[in-house]
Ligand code: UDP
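In the block that follows, a single chain appears as structure tokens, in the form predicted on its own.
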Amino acid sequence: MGPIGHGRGGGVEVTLCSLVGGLVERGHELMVLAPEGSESCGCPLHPVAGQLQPPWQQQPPHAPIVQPPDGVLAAMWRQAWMVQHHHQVILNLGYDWLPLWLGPCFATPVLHLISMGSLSLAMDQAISYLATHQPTHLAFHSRSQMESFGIHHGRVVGNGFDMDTYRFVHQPEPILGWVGRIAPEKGLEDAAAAATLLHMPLMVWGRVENHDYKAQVMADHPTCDFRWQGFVPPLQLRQTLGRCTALLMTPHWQEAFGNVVVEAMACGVPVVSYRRGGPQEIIHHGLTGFLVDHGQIGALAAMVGEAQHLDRHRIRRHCQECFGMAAFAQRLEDWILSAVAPDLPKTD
């Protein structure tokens, strides 16, 4: 959780913009509560001051719940409590314990779109409680993500993207791409090892969260031709990602969805990824990319050669059909209505 537009929120920022754009287009009125310093996301924004919450993906599984002094998370939910009666539903996108615990106490229904897989015992318990007592108030991005919590029957809404903002590139350059936070769970070292085997430059986009980790990856792969791009605004990334011959996605954790897989495909770029988490549900093996077993660096490199022969126009068309913003908004609307007004008919 962090100010919108600065990269700290990762894929949640992309989800938020698509969610807002799609639901506004369907005639809904939204207001976003976000940390101070956030950029506009297409609807009225109420900034909230406070200290940022430590992210769960950087904590050990048995870590206690942390509430910083003057924390922005508590301030945001205090504000939500104060304005709840002006709204028909509150939608939580923050992956944290406090909103999950507070939700049942609100008079206005609080729904939770869970953004990551199982990471901590405290979060697992809070999500499991809601799955038992308020199952319609939970939704997930992928079935693999949902099942990481031991939940086998629930709402899966996928994700959506504004395809018009992605630049298709028919003739790529001989470079590989990798996008993500520069942190151990994202597995950049595997992409570096594959790029080294292929003697191809590796374009790396992403915010550095762990400088020691970045230095270690560079030290361990001295012959890798890293092309560090840093964090770039989403619209800029969408205009440059298509340059890549293929995108490597090498997570060492359970990716809930894998937004960057779809973002690459929207530019016509095939994706080579590990067969785990959300990416295995997004990538059509042999059509939009290839899946290999986790940790198989040689297989990653070999599949890049195969990916170069895939039809980039077909990849783009498949992406438009499955992951458009309008379809995502309809799935969200159906979920929200089923939770807060179950007697209403579903949308067409």
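Remember, predicted model here, so these are calculated numbers, not experimental data. Residue indices: 1-based, along the sequence shown.
One more form of this protein exists, namely the form predicted in complex with the named molecule; it is left out here, but the text below deals with it.
- Among residues of the shown chain, Val14 is one whose heavy atoms approach the named molecule to within 4.5 Å in the predicted bound form.
- For Pro234, a non-hydrogen atom is located within 4.5 Å of the named molecule in the predicted bound form, even though that partner is not displayed.
- Mapping the unseen interface onto this chain, Tyr213 falls outside it, with no heavy atom inside 4.5 Å of the named molecule in the predicted bound form.
- The named molecule in the predicted bound form is not approached by Gly277, whose heavy atoms all lie more than 4.5 angstroms from it.
- In terms of contact with the named molecule in the predicted bound form, the residue from Trp253, Trp97, Phe149, Phe226 that brings a heavy atom within 4.5 Å is Trp253.
- Listed residues Pro270, Gly160, Gly258, Gly117 were compared with the named molecule in the predicted bound form; Gly258 is the one with a heavy atom within 4.5 Å.
- Note on the interface: of 125-133, 70-78, 180-188, 194-202, the segment with non-hydrogen atoms within 4.5 angstroms of the named molecule in the predicted bound form is 180-188.
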